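Next up is one chain by itself, shown in structure tokens, the form predicted alone.
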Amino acid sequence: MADKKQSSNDKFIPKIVVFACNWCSYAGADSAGINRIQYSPYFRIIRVMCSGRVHPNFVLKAFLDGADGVIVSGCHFGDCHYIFGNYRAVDNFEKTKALIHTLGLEEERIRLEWISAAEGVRFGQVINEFVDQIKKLGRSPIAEN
């Protein structure tokens, strides 16, 4: 039975949503593209003005719409254009983790990352690591329904 799951996970193409801060993380993704950094194509990026604006409902909606994993990405501490946005992002992320746990999803399906505009390589690494992690977990039980 484990072999069957392993072989089905090899063919599994994850659906990942990335909420990226306009000022840093989205620019980091742009930098990755401009510099032709190789990374997995299995994600959709949603530009938000600030990672602190990503409410837990947005993450839950992504899962309800079929996402297998969600990344929230913003500016490094001290670099936020809205001063305290990434502190709010941490608070929202903790609430989101609690909701994810309540729904019975693995906490590994969500991730909070700080990526600056100059970190295109890091953006690619984060995407690749997360895609591999989600492939190991398989399809989201919510997405299956």
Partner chain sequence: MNYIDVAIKNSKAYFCLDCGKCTANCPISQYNEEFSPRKIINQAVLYNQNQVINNELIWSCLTCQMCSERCPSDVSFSQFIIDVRKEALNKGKLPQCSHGGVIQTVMKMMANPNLKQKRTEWIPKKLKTSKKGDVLYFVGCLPYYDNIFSKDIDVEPLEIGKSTIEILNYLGIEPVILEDERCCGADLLTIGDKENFEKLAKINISLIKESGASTIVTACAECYNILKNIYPSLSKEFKVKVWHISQFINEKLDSFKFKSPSDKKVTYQDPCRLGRYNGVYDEPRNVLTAIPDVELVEMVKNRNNALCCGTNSWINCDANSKQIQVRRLKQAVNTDGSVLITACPKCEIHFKCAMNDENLDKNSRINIKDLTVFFASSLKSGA
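Numbering follows the first chain given and starts at 1. On a predicted model such as this, the values are computed, not experimentally measured, just so you know.
There is also a form predicted in complex with its partner chain; it is not shown, and the following applies to it.
- In the model of the complex, no heavy atom of I46 sits within 4.5 Å of its partner chain.
- Put simply, H76 is far from its partner chain in the model of the complex: not one heavy atom of it is within 4.5 Å.
- Mapping the unseen interface onto this chain, N35 falls outside it, with no heavy atom inside 4.5 Å of its partner chain in the model of the complex.
- In the model of the complex, its partner chain lies farther than 4.5 Å from every heavy atom of P41.
- Residue L60 is the only one of L60, L112, C50, A117 with a heavy atom lying within 4.5 Å of its partner chain in the model of the complex.
- Within 4.5 Å of its partner chain in the model of the complex, a heavy atom is found for all three of H55, L64 and P141.
- Taking its partner chain as it sits in the model of the complex, the stretch 93-123 comes within 4.5 angstroms of it through a non-hydrogen atom at E94, K95, A98, L99, H101, T102, L103, G104, L105.
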